[in-house]
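Listed next as structure tokens is one chain, alone, in the form predicted alone.
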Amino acid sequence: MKTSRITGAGHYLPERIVTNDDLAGMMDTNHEWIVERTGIEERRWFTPGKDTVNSMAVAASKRAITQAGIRTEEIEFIIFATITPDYFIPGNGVLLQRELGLQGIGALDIRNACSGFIYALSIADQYIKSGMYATVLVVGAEIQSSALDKSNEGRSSAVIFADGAGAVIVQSSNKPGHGILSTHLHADGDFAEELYVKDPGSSRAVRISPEMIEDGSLNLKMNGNTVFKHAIVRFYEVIMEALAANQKDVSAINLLIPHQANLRISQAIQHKLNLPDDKVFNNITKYGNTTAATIPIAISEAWEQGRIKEGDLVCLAAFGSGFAWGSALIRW
């Protein structure tokens, strides 16, 4: 049976570094308050007129293609995870396809927010195992900073979210016991409004109005306490589900790459799993939460740093808006 393997990864981060002290000049906050609650010290925000979701995705994809050692024309399908597309329609998948010169291949957009990359990776895995495609480009890219409420009212989320892009090449492989061993996807729409952006929505009389702008319904809203409590539970459950499905123990994990939602969440999961620091990869301190982009950015960095080696057992896990969560267990 064919398996699917990640053969290349790449990432792009905007040049603009926004420190906690920079945010203190915009709202009533300070470095210590932000670090204590999120672990974040700085993050990247896009430069208008230079960075777009698509341009960031292109840069990340080209690095992934280079690392995989393939020709761009070998890509047969694109799966693009983002909740911050450059256009309302069409999705960013076709924009990336156009820029890469891949006109004619399929392009699918995924809107599962923080768990979007895991969902996208799972879809790529199924396409490859079914024999439909042999090489799939999977991307997570976001520009969140332009949707943040940077006033005192919105500071709980404004200090967390950031911009960036990551991409991986997923290819068919005949190497037994290696590649994506399994993926596990879940959601619970009862909590949809605990982390969401209400407008613009097509069910309103008008999609955008001055009233929407005034009352902040175009900005991200998050019930931080509820998100934190559910994340702690679901992260642990879905990681253990992946291990059980493959008859593996926690001790077999060489590296856990969690969605970079909040350093406190990652550390709580690490503690519950009793994993040492060298078996957990976190970069939220310097990049913030880039939503669907956090895991592919982390994969790219971890691979560059030698934290991922051939034969390693790597676990990916994510939780976020929806609520939606998922995991993937990979033998590298």
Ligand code: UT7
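Heads up: residue numbers just count along the shown sequence, starting at 1. What you are looking at is a predicted structure, and each value in this text was computed from that prediction instead of being measured.
The same protein has a further form, the form predicted in complex with this ligand, not shown here; the description that follows concerns it.
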Requested in this report: Please state whether every one of the three residues R37, G224 and N289 places a non-hydrogen atom within 4.5 angstroms of this ligand in the predicted complex.
Outcome: yes
Report summary line: Heavy atom within 4.5 Å of this ligand in the predicted complex, from candidates F77, F161, Y119, Y127, belongs to F161
Requested in this report: Name the single residue among I169, L243, A261, L256 that comes within 4.5 Å of this ligand in the predicted complex, judging by heavy atoms.
Outcome: A261
Report summary line: Answer among 275-283, 300-308, 64-72, 28-36 for heavy atoms within 4.5 Å of this ligand in the predicted complex: the stretch 28-36
**Report entry** Partner proximity in the predicted complex: Y196 to this ligand, non-hydrogen atom cutoff 4.5 Å
**Finding:** no
Query raised in the report: Taking the shortest heavy atom distance, is F191 within 4.5 Å of this ligand in the predicted complex?
Result: no
**Report entry** Residue contact check: R155 to this ligand in the predicted complex, 4.5 Å heavy atom
**Finding:** yes
Query raised in the report: Does at least one non-hydrogen atom of C114 fall within 4.5 angstroms of this ligand in the predicted complex?
Result: yes
Requested in this report: Taking only heavy atoms into account, state which residues of 300-330 are within 4.5 Å of this ligand in the predicted complex, ordered by sequence.
Outcome: F319, G320
